[in-house]
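Single chain ahead, written as structure tokens, the form predicted on its own.
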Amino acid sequence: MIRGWTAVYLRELIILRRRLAKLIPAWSVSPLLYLIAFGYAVGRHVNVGSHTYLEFLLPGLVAMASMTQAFAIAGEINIARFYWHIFDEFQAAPISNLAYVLGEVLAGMTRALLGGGVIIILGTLFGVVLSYNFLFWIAFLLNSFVFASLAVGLAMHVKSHADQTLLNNFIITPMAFLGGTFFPLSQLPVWGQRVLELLPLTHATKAIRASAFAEAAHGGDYLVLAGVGCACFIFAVVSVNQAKS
């Protein structure tokens, strides 16, 4: 017997499988440009601590991919809402709001895993050897859980594709560049570091990079991601409740 969340998740997987041949090249373009322009050309002879800039950059790109690809589930939800009216069918189906949110969040996390895998493969082609250990993947999954949950919640409040673009411009893009992805936050003034520590991506980048370098990761980063993820998941459930009412 298929449970409610399984039906939602399998539907998203079927759509993802059909588009995968086009999505993988699309997911490769931006990371490849970053690796060539910033990591190889500009940062070829630059070191960050005991690591090359390319080694420093790759975990940041992985953290960014876990955010952007997980958040991209919002676009899929809104296409289904505005054009296919799938959300209306879910309203009529015997599926709980919790099951719906869980299925969509898992779909977003799956997209994130695939997007992160593309970057890891590209990094390997560039000769970057890192430690993809248990803590690395825990940080990755927690970050994708945060942004997939946030995406589902915000998708319920979006009224058009223009609104979705605004969310990307004001939430995702600033975090992508200010969350420690491309530069060490220690280069900023103390007040700037404190401000950027409010971003969940900052904690994800720190945890992913530390574990990739086989260094001791700060447990507080994982706790922040878990706490923010739970809050975003609750926000998503409440938002779906409001959208269905």
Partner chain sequence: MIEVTDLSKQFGDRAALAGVSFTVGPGTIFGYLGPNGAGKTTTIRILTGLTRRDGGLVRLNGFDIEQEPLRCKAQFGLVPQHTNLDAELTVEENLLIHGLLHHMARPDIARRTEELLEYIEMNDRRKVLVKTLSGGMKRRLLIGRALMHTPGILFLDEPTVGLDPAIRRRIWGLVRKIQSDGTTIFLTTHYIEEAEFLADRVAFLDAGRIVAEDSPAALMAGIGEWAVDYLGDNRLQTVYFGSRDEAREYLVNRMDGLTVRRVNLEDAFISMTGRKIL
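Quantities reported herein were computed from a predicted structural model and do not represent experimental measurements. Numbering follows the first chain given and starts at 1.
Heads up, the form predicted in complex with its partner chain isn't pictured, but that's what we're talking about next.
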(message) Only one of these stretches, 133 to 141, 169 to 177, 92 to 100, 109 to 117, has heavy atoms within 4.5 Å of its partner chain in the predicted bound form; which one is it?
(response) 92 to 100
(request) Check each of I24, I15, C230, L223 and return the one that places a heavy atom within 4.5 angstroms of its partner chain in the predicted bound form. (result) I15
(request) Verify the flagged residues Y53, E215 and H218 against its partner chain in the predicted bound form: is each one within 4.5 Å by a non-hydrogen atom? (result) no
(message) Please determine whether H85 contacts its partner chain in the predicted bound form, using a 4.5 Å cut-off between heavy atoms.
(response) yes
(message) At 4.5 Å between heavy atoms, is L10 in contact with its partner chain in the predicted bound form?
(response) yes
